[in-house]
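Here you'll find one protein chain in two forms, each presented separately as structure tokens under the names structure 1 and structure 2.
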Structure 1
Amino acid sequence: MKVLKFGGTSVGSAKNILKVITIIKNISQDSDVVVVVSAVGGITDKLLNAANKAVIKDRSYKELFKQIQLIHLDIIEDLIPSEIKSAEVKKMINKRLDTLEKLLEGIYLINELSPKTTDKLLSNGEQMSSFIISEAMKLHGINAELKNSQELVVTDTNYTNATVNFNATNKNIKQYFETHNNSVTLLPGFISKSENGEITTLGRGGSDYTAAIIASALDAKELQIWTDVSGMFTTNPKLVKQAKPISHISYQEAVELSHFGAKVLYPPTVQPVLDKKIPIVIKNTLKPDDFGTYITNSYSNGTTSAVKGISNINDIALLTLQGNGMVGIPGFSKRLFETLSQEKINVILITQASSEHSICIGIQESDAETARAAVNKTFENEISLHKIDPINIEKGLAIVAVVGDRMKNHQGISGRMFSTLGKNNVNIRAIAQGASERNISTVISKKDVKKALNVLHERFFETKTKQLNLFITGVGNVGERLVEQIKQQKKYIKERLKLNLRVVGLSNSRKMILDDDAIDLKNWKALLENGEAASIEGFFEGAKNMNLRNSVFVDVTANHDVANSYANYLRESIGVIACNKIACSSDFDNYNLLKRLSVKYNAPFLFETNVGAGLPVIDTLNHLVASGDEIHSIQAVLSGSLNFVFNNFDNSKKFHDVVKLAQNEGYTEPDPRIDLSGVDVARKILILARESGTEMNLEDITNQSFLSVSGLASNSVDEFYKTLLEDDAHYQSLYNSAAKNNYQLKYVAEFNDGKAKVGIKEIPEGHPFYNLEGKDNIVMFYTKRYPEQPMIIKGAGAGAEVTASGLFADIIRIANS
């Protein structure tokens, strides 16, 4: 004999009911079966909602009633083709619907909804579904006997969550099945009756329990729970995409997981079958061939993983009782728990520090105010004497628990759990670990649950792949290259580096898109065009609210306001990668603040492309400093534009024409003064000086400009060009002075003994700067370990493709950190 329970989704449509019938047909070929069914999916919630509306005189309960009516009549219509038969079944169901409607009207009129009436109302869901299904089974050749489980399952009168009287119930079940030996028996789950015949229910999700009670009473060979997922998963599959079904799990593990939120199994279900060692199998009605989960007595089944699953309960409140008067005096906890028990408040989690100064209890948020009133009343006297404080209640919380029988044999699980949460900026409010060491629970903010489940899942079950979530702003020339490079490399990076790169936010100056499920990069331009209006604040809020793990903001703009938003990102533990030089060359205090926030919130702040585009200049410098080297001097050519100008300038040309050419070929900013004045180079050496450990501002850098006096004083680009023509002799003399010794002119940035300067220099043949081509940059580090022969980094220092690859390298650095 096997007991099969089908949940709400499994009987949620005619199509699914037909699947259920096929499954029953197959199994009943080799075994007698008892089938327990839930209400049609969503009906119990709808009934409750309707009642909750009716009781507050909200007429829209009628809408819900109509939906309930329609759902059932539609299923009958689709399931039962014969018109006569269909009409017959509809007639029966309409009768029930009539009583249901009257009940709701009554609630509306008298303005009252007792738990007793709630049970009366809810029981209709299972009554209707079981009737419809039994008729459909008959039509498909299964001669199923429909038995009302209310005549078998006897409970107390704790309405909505009644306690089963096992003596009476087991006797009834045995007696019934001894006298009825049908090969298929069908019963509604969830519903029961009290000893004096009142309708009761077994608690939300209670159909699982009904099935377990029957399986135990009949010594069934197996209890099968058929649902809408392929087993008990490593964590809630609706919140973590990477969750996987657990093939084997022990009863105790299943109990822990279900207690802590794995809704797939109603927690009391395990107890009745555990005593008899009846295996529970969780199967997917929609994919019956999937293996599912076997819940049995043995826990190992060859697996070595200590953590079996991670679960969560939302809507938790933390209740804290504290005060000096509690220390060393027995009886406080007893009174506290007695009070909660009298109010029928379920205690989900308890922690007490050994100082006994406070005791902390996790309860359902909906019980919080009742608990507050009751506990404050119980301790009225002590509170008035200031021995203890009035109870403190914190809401908006959730519990996340890791579960596994073998955790007790493994060290460091809690350490890994807490450090993973901490690293991802999930604040832990309370911790509890059962003495069995089968469960470690943390109380965290509800808003962090999805992130916490995902990072813990990644930590304990997906050690191989890490996810990185990118918010890229500024998809112009360089940004576009970056997105294309990510698109191209995604597969390789996933396979080789075990890194799942997801672009979840994109913005340019006009539009932005944010997508939790990752933006489809094949189509990103069109998606962005159809996005919402861009805003710096909106993009940040979006990233913050998504609250994804390993989030990184990438700034590929040159915008001041975007640079000013970095601190916001870092404070949310979102890493920042800046191509934009503004932040790092801004006031030292601001640079320093960003550095400190990065450490405090464990959020990387990288800006390799600020100097030398894709060249690994800052990374190399950081490594030198971190390994204990000392930077004595940095000599560098850091401007591709100035290089181009001086490489093309000789006394056969006017300086003016060479600058014009550089501008026309895109080597300078639209305003060439930005490059020619040396400010851009000064910013770069400033950043290198700071990264070497020197506190410095832009004003501290000596800028020996080579421009003529009138060139420096010019007020517009046109005026500037005019001065270049007028002062050509000045520029020619710079060239001639160098040329007469066969020297080359280079615009050099220097950092020596804590001081920095930028300016033009005559470079002799043989010097590493002499043969610098095109837009190449070069940086030489003279250090304690490289005193005479410097460490040299050289290569293209500008260009969209190399700059994008420099950003990409920063992304990989974050992933590896």
Structure 2
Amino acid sequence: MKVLKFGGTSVGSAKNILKVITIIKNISQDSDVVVVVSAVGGITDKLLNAANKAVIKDRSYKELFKQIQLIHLDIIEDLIPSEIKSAEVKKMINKRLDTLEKLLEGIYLINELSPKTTDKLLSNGEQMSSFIISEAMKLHGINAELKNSQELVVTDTNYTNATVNFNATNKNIKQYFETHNNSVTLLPGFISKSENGEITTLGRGGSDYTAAIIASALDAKELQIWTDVSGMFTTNPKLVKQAKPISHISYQEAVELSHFGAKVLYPPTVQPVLDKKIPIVIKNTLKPDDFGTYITNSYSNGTTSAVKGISNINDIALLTLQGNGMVGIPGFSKRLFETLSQEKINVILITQASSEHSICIGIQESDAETARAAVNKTFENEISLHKIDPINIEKGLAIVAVVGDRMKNHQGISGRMFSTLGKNNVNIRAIAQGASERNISTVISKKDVKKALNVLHERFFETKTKQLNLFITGVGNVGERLVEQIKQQKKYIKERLKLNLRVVGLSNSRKMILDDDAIDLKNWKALLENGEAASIEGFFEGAKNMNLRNSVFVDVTANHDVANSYANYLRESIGVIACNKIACSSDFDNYNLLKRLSVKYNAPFLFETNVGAGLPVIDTLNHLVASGDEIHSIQAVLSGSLNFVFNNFDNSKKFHDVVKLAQNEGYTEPDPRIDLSGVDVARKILILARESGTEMNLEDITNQSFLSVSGLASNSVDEFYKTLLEDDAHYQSLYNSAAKNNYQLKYVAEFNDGKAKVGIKEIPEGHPFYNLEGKDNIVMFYTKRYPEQPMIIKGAGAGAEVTASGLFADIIRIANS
């Protein structure tokens, strides 16, 4: 014999009920079947809501009643096509609905809703659904007998959560099935009667419990729980898209996961079948061919995975009893738990340090204030004598638990768990782990639950692929190419580097878009154009509130305000990749602050493209310093823009025309004064000096500008271009001075003995800078290990494509960190 239980969603519509009937018909061909059904999906909540409105004299309870009535009558209409039969079924249901309506009216009139009345009210849901389904089954050729569970399941009078009298219940079940040999028996779940004949219910998960009680009493071959998901999942699939069904799991693992929020199974369900070692199968009514989850006594089940699942409970409050007067004094724990027990407050988690200075317990947040008042009253004397502190309660918390029978045989599970949470700035408020090591529980902020489940699931179940969530601001020339490079390489990166790059935020100066499901890069321009108004603060708040794991903010602007937001991102453990040079060349204290925040919050801060675009200049420098080398001197041509200008300038061209060409080719900023003034180069050598270990600010760098006086004084781009024409003789003289000695003009940055300068220099033939072509950059590091022949890095140092590739390289560095 098999016992099948179908939940509310499984019987929530005529369409689904037909699926249930097909499943029952198929299974009953090979085995006798007992079917336990819940109320129609949502009806129990509607009944309770209607009663709660009635008791406070809110006449809108009548509207809820009408909804309940309409739902059932519509199901009958769709499920039973025969007018005569449909009318008969409707007549029976309307009788029960009339009784229900009178009960609600009575609650309204007397302003009282006792637990006893609540059970009478709620029992109607299962009674109606089971009757409708039994009549539909007959029409489909299944000779099912409907049996009222209240005649079988005997309980005490703890209304709304009655305790089963198993001696009487098992006797009733066995006697009934010994005398009724039906291939299919249908029973309403959840409902029961007390020893004195009063209607009771079995509480949360009651229909599952009914099915387990029946299965145990009959020594069933299998208990099948049919629901709307294909088994127990590795974690909550609504929060973690990569969650997958668990094919096999032990009873103990199932209990742990169900206790910590796995909604497809409730802990009491397991107990009646556990001793009998009856397998439990979780199946999907909507996808009956899916394998589902098999719950058995064995935890091996053909898998060596240490962690079977990750679960959580939200709306937790952490209650802390602490004080020096507790140390070495027995009885505090006993009094604390007795107090909570008297208030019927369930303790979900307990942790106590060996110092005995404090006890922390996790309870439902709804019980927090009741607990505070009761515990403070119990320890009133000790509090008044300052032996202990008044009870401390923290709200807005959640419990995340990692579960698995095999965890006790694997070292490092807790270490991997805590380090993974720490790397993503998920603060742990309390920890509990039993000696069985089957469950490691942590208390965290409720706002971090989604991130915690995702990072832990990635760590324990998706070790082959790491997800990186990118927030990119500044999708202009360079930013657009970065997005296109990510789109082009996304598949390759995932297959070869096991890295899932997701762009979840995009912004330009006008519009922004945020999507935690990832932005479709095939259509990103149109999506951005239809996005909301851009806001630096709004973009940050969006990234913060999305609270995604492995988040990275990528700044592809030259905006001061954006650069000033880096600290906000780092404090939220969101990594920062900066193409923008402003932050790293700002006041040294700010630069140092960003470095410290990066370390404190474990948030990478990379800015390779600040110097040399896509060239690995900063990365090389950092490796030199980290390996113990000492930087003696740096000589560099760091402006691809200026190098392009001077490589194309001679006495046959006006300097104005060459600068204009460089701008049109995209080698200068829209305002070429930024490049030609030397400030940009000064920022770059400043960054290299700082990365070498020197404390220095921008004003400490000598800037020997080659621009004319009027060029330096210009107030606009147009005015600047006019000065280039007017002062052409000045620029021609610079060229002629170098040309007469066959020298090349290069704008050079130098760092020696803790001092730095930038300026134009005449470079002789044979010097490494002499043949530097196009927009190329070159950096020479003279160090303790390279005192005479420097470490040289050379290549394209400007251009949207190479700069975007440098940003892409930083993204990969963060992913591999």
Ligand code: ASP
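Everything quoted here is computed from the prediction, not taken from an experiment. Residue positions are counted from 1 along structure 1's sequence. Here, rigid core means the biggest group of C-alpha atoms that superpose within 1.5 Å across both forms.
- Between the two chain copies, the one drawn from the form predicted in complex with the ligand is structure 1.
- Positional change of Asp45 between structure 1 and structure 2 reaches 2 Å or more at the C-alpha, relative to the superposed core.
- Positional change of Phe588 between structure 1 and structure 2 stays under 2 Å at the C-alpha, relative to the superposed core.
- Superposition on the rigid core between structure 1 and structure 2 places the CA atom of His730 2 Å or more away from its counterpart.
- Superposing the rigid core and comparing between structure 1 and structure 2 gives a CA shift of 5.4 Å at Asp718.
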